[in-house]
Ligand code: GLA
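Next up: just one chain, as structure tokens, the form predicted on its own.
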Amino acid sequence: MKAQLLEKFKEIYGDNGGICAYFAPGRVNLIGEHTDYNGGHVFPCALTLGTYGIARKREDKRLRFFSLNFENLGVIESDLNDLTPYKEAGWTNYPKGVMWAFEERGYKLSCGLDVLIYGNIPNGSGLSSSASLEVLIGLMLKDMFGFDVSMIDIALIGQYSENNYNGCNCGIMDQFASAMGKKDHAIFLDANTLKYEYAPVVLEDAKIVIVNSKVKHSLVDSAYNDRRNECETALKELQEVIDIQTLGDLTEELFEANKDAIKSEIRQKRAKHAVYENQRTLKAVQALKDNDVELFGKLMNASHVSLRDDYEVSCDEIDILVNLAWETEGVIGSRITGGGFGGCTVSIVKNDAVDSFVATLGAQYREKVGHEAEFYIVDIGQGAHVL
């Protein structure tokens, strides 16, 4: 891949030496959904799918971007002296946003860059192509300009740029997983404090299979903000009767004993998901440490039921995929992954059942929904690195 991209870079920008190459992965969250902004834990891992970048410094302040994913757009030019987001700049607003965020922190770019990008994360799949691109650019700037920033700093800068430059109010999980991923490990991350540990994901006889529903409903942003507001209100109501900082501070028992302080049935359901999902994530990490993949699968299934019924962020197409997975022999666990209302499911499937899983789910989903799903059999890869 690197050799092919280098050739393409030289074809577009010329062969003048000083060329550097980078990679940053996408991510999938195994369990712990909508817990990050509720003071809870998440459990993502980096994938071997991701974004590649080839770059070289220029003599001037010009920025030139080319993406093999959008070849028809050609080279998009910009300038370091004007890092304003423009609608016409399209996808280049993501790398420009990271450059802007570095400069906001006092890391000045001394010259422009020629950049070539290629990503093999499917668009709209919910596997964090934008975070992958942000982390890639952060690593590129650190390496090429010698900036003294850690990989956690790069994750935070990527999140800051997406929040404040691109206008998407995402949490830290996606960028953190891309920057800090470790091969064959998931990251047990406290999204509140950024304390983390690596947990080995040893699936001796199974694979992680991601299924892309190929649908994304337009509810996502407004519904996401609604859920956040409902949980914040539920927390305030609970704080009148119990001393807690976040919903993540509660055990299931404490929640059940005090839930009547929440004055709305909807808010009770939202808070219940946040509390129970956080506890499921703690149990899931312990299950993997105990090499109990079957229990991990049961917790994944329970996570989906909670996201469907209590948090109400699933949709018909996703429920069809999960229900089909649950009915398929060799499936250890399956759930929605990501923000919801479409996107992907993540399943753990025994090795000898993977082929039939893909064939059976593919045919039945097409029959029920009327279009194809996409299947990715993935490995857990390392975080962003210089190639």
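A quick note: this is a predicted structure, and the numbers were derived from the prediction, not measured. Just so we're on the same page, rigid core means the largest C-alpha set that superposes within 1.5 Å between forms. All residue numbers are counted from 1 along the displayed sequence.
Keep in mind that the form predicted together with the named molecule is not shown, yet the notes after this line are about it.
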Query raised in the report: Among 47-55, 61-69, 334-342, 314-322, which stretch has residues with heavy atoms no more than 4.5 Å from the named molecule in the predicted bound form?
Result: 334-342
Report summary line: Students should find that, of W91, Y160, Y224, Y118, the residue having a non-hydrogen atom no more than 4.5 angstroms from the named molecule in the predicted bound form is Y224
**Report entry** Proximity to the named molecule in the predicted bound form, single hit among M173, A101, L238, L250 (heavy atom within 4.5 Å)
**Finding:** M173
Query raised in the report: Can you check whether G32 is within 4.5 Å of the named molecule in the predicted bound form, heavy atom basis?
Result: yes
Query raised in the report: Hey, in the predicted bound form, does F357 get a heavy atom within 4.5 angstroms of the named molecule?
Result: no
Query raised in the report: Does F43 reach the named molecule in the predicted bound form, with heavy atoms at most 4.5 Å apart?
Result: no
**Report entry** Heavy atom contacts to the named molecule in the predicted bound form at 4.5 Å, residues of 36-58 in sequence order
**Finding:** D36, Y37
Query raised in the report: By the 2 angstroms cut-off, has the C-alpha of K183 moved between this form and the one not shown once the rigid core is superposed?
Result: no
Query raised in the report: Superposing on the rigid core, do we see a C-alpha displacement of 2 Å or more at K108 between this form and the one not shown?
Result: no
